[in-house]
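In the form predicted on its own, a lone chain appears below as structure tokens.
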């Protein structure tokens, strides 16, 4: 029965044309290599080498066997690496990028799902805004992430849309929620907006700006804050209205502004979420796990793409 050890000795002998040189490369005694070659020839029922002077010459059978032996050893090495990756994965750290508001869709549930499958791992969810997460991807600090598409610069990146969520208008004034909000109504509204540090790159603001600009209008904000929770609380106090994804509104309004509600725009506007990683990258088991669970979590809240 042939073994990986026999194939290793065969390839070394084939490459060097010498049992002695093969033994030196492998760190074995020359008789040991000869023994492995004889055992392989006996197992296959063929002659693989002919002795010529102090060396050996491969037969036609050996020429045919060589690529098969190389593929077999390469597959065995891939198996070893995969097993080591899994072993490291079970006790290592999983890092995954997520834009800030995504935690309202999948944050705690995502971590809970990972720990339910792999209790020994350490989990890091990284990111406040899609632009910052994408920069971490480019610099190699993250292997994969879920971010909002308007900020994705796709050069060098693999981008897979997985879900979309409606962008809605929230207010504590029932009169403003009676019918879908038009571009002109939004242009005249008193707004509080989150993600002020990322205002130029924020996907919700990009969608709103594009919509208003097409109507010859510009969005105006009265209050700028970082956290969507603060924006929603201010809406609940009646100090301003806001624009946030519907999933975030459904998560935050009952808890922070129970007197407020949401309404669609006319026409509707959407934020699209995508899984992003460097193009051509071979993803680790940890990254594949996070992509699988994050996609399932986000699609349970937002509309699957």
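Throughout, rigid core stands for the largest set of C-alpha atoms superposing within 1.5 Å between the two forms. In this text the structure is predicted, and so the values were computed from the model without any measurement. Residue numbers count along the first chain shown, from 1.
Same protein, other form: the form predicted together with a further copy of the same chain, not shown, and the subject of what follows.
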- Item | Contact flag, residue 160 vs a further copy of the same chain in the predicted bound form, heavy atom cut 4.5 Å | no
- Determine whether any heavy atom of residue 142 comes within 4.5 Å of a heavy atom of a further copy of the same chain in the predicted bound form, and answer yes or no. yes
- Task: Considering only heavy atoms, tell me if residue 275 and a further copy of the same chain come within 4.5 Å of each other in the predicted bound form.
- Result: no
- Message: So in the predicted bound form, is a further copy of the same chain close enough to residue 112 to count as touching (4.5 Å, heavy atoms)?
- Response: no
- Query: Does a further copy of the same chain come within 4.5 Å of a heavy atom in each of 4, 43 and 46 in the predicted bound form?
  - Reply: yes
- Query: Among 76, 177, 123, 206, which has any heavy atom within 4.5 Å of a further copy of the same chain in the predicted bound form?
  - Reply: 76
- Heavy atom within 4.5 Å of a further copy of the same chain in the predicted bound form, from candidates 95, 118, 164, 103, belongs to 95
- Select, from the options 192-200, 133-141, 169-177, 217-225, the stretch whose residues sit within 4.5 angstroms of a further copy of the same chain in the predicted bound form by heavy atom distance. 133-141
- Query: C-alpha of residue 44: shift of 2 angstroms or more between the shown form and the other one, rigid core aligned?
  - Reply: yes
- Message: Aligned on the rigid core, do the two forms place the Cα of residue 28 2 Å or more apart, comparing between the shown form and the other one?
- Response: yes
- Message: With both forms fitted on the core, check whether the Cα of residue 61 differs by 2 Å or more between the shown form and the other one.
- Response: yes
- Note on the structure: The CA atoms of residue 77 and residue 122 move 3 Å or more in the predicted bound form, ending up closer
